[in-house]
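Below you'll find only one chain, the form predicted on its own, shown as structure tokens.
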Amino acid sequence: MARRSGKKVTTVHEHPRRVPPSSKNPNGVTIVDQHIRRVPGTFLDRDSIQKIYQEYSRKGIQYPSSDKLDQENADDFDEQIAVWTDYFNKIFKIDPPMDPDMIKALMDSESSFNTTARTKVAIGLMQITKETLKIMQDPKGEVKDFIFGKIRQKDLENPDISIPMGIRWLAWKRARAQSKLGRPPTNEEVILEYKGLLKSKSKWAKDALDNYKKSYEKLKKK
């Protein structure tokens, strides 16, 4: 059975059960469960993340700047950043497109490229929170047009998973910032929205933005 929502179609699998015939069920059949299989291109799990990354064409994609930051492993994730930034720019037709250097500077400011970085609420390179993980897997939630499935909290320590999830979340936050501001946001405003600090005037917000800007400026320095 197919259901259409806007321009997207989902396939719903229904499980019938035999029951005694009644006025409500004259045929003696009732549906006891339904679950949705999402259309390819609107859903990623660990297997599809790996498949897309391995098969994605690197031709013409933009890589973040290298040999510019202090951390020894700062350039270890450049290919993942390049592939997934290009992927989500195209999926969501982002204009102007997200800059791979913005992603890399954000990563530096969030975790200093520590794949196992943890706080009480956030995990991994992109410091994805436990609440954000739930939202990104909810087929009825804020990001239901493109969600992730079967991802566990401990998977967020795996850069192959945390990077595409973080970039997808940043794309959503870009759209949220534009809605809040009533105009296209700057890169810095997108970063603040990612950090939950877009309208904050606190010293914490200023320091968080300054840390990001220092990394971004290093990446852009010739």
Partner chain sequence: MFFLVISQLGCASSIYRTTSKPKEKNIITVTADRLSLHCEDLQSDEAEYYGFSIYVLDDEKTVVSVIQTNPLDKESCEERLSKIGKIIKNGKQMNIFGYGSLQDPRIPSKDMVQIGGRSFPSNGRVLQFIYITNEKGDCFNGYQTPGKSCAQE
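Numbering follows the first chain given and starts at 1. Model, not experiment: these values are computed from the prediction.
Another form, the form predicted in complex with the partner chain, is not on view; read the next lines as being about it.
Q: Which of these residues, N89, Q80, S111, Q137, gets a heavy atom within 4.5 Å of the partner chain in the predicted bound form?
A: By the 4.5 Å heavy-atom cutoff, the listed residue in contact is S111.
Q: Could you tell me which stretch in 158-166, 65-73, 182-190, 42-50 has residues with non-hydrogen atoms within 4.5 Å of the partner chain in the predicted bound form?
A: Comparing against the partner chain in the predicted bound form, the contact stretch is 65-73.
Q: Examine R174 and determine whether its closest non-hydrogen atom to the partner chain in the predicted bound form is within 4.5 angstroms.
A: No - in the predicted bound form, heavy atoms of R174 and the partner chain never come within 4.5 Å of each other.
Q: Although the partner isn't part of this model, could you tell me whether K213 comes within 4.5 Å of the partner chain in the predicted bound form, counting any heavy atom of the residue?
A: It does not: once the partner chain is placed as it appears in the predicted bound form, K213 has no heavy atom within 4.5 Å of it.
Q: Quick one: is K120 in contact with the partner chain in the predicted bound form, heavy atoms, 4.5 Å cut-off?
A: Close contact exists here: in the predicted bound form, K120 approaches the partner chain to within 4.5 Å, heavy atoms only.
Q: Taking 4.5 angstroms as the cut-off for heavy atoms, does L170 touch the partner chain in the predicted bound form?
A: No, L170 stays farther than 4.5 Å from the partner chain in the predicted bound form.
Q: Judged by heavy atom distances of 4.5 Å or less, which residues of 179-202 approach the partner chain in the predicted bound form?
A: Read in sequence order, the residues that approach the partner chain (within 4.5 Å, in the predicted bound form) are K180, E193, K195, G196, L197, K199, S200, S202.
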